[in-house]
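The chain below stands alone, shown as structure tokens; this is the form predicted alone.
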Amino acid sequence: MSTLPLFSKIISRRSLYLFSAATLAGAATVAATAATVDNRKQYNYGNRNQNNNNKSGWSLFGASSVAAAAPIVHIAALNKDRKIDDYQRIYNKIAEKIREEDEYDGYIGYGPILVRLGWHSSGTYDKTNNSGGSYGGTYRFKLESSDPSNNGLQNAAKFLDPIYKEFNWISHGDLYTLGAVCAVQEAQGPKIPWRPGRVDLPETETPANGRLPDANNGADYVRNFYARLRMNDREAVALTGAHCLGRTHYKNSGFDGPWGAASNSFTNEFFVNLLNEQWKLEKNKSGNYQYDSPKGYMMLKTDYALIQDPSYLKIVKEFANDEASFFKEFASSFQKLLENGIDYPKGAPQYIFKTLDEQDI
């Protein structure tokens, strides 16, 4: 049994919703309500943000067409009982399961889809009101998991289910993001600093569908989409480089094919192929347009846009010629994506995990 004071126990399992003084000016009171969700207490200070933007409320480039509410503040809830060794054990369980179940998706394995789950659960973030993102672990609810852009990710969630049952003290947001970090590193990718503190929020805090990227667009869309995630051009190109992993499937996305030959290894191949393959825009059997190469590789229109835009093209060339540069930028950008919208207290621990291979040495 924990020896932490009662107040510390509550803090470690709570979410704070703090609205700006400007919005609350003239209000007689600030309501404080407590609700128990998934056996974790959630404390809501002030009225819950009602600006749940869906696709009809967004422009083509993801900018809100309605007035944004005051920003929500999501405070990282740190469990002082847990240290890096506790999270390393979870990392190891995920990594071992990736190795053991390597036949998934034609022996590509679960690594790529775990990266996608962490990416997509974070990619709902909106800087205009600090909503969405990885903090609340809301992918576990049907509203988010049924977003068409998340087709296929249920397999990643099912993969993590037994991990959660064994370590049910971890929040879903922490588990989804830790799984993504593990998958990148075990695929020989860069080390990604990771911090815990996400809190399981109730279903009412699930962002509406329509916040994830639409592949049928060009460079302007890409730039504006990533701007909503607080990402600049370098960060946008680096994060798109995660397409070095995995492949597309008609049944999930309406596209088909791998981005390269090494679908379960984290490399700069995506950028090399983008520059060097003979791409042809073709209409696939699902009625969507994708770029295909004679080698059987594919690129989405949002991928190909990176060599159509002068600013993006310069960065693509850099990453194609210098894998270390790509790794460095991806590590910092991916950490930023996973942490968007979370307010970490000063001195909050940051962990860098050892891979299974490193632990075997």
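In case it trips you up, residue 1 is the first one in the sequence shown, and so on. These numbers come from a predicted model, not from an experiment.
The same protein has a further form, the form predicted in complex with a small molecule, not shown here; the description that follows concerns it.
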Counting only heavy atoms and a 4.5 Å cut-off, does the small molecule in the predicted complex sit next to every one of 213, 245 and 249? yes
Using heavy atoms and a 4.5 Å limit, would one call residue 115 a contact residue for the small molecule in the predicted complex? yes
Although the small molecule is absent from this view, report whether residue 302 comes within 4.5 Å of it in the predicted complex, heavy atoms only. yes
Contact of residue 139 with the small molecule in the predicted complex (heavy atom, 4.5 Å): no
Contact test in the predicted complex: residue 264 vs the small molecule, heavy atoms, 4.5 Å: no
Looking at 93-101, 268-276, 115-123, 131-139, which lies within 4.5 angstroms of the small molecule in the predicted complex, counting heavy atoms? 115-123
Listed residue that, although the small molecule is not shown, lies within 4.5 Å of it in the predicted complex (heavy atoms), from 163, 75, 239, 170: 239
Using a 4.5 Å cut on heavy atoms, which of 253, 145, 206, 288 is close to the small molecule in the predicted complex? 253
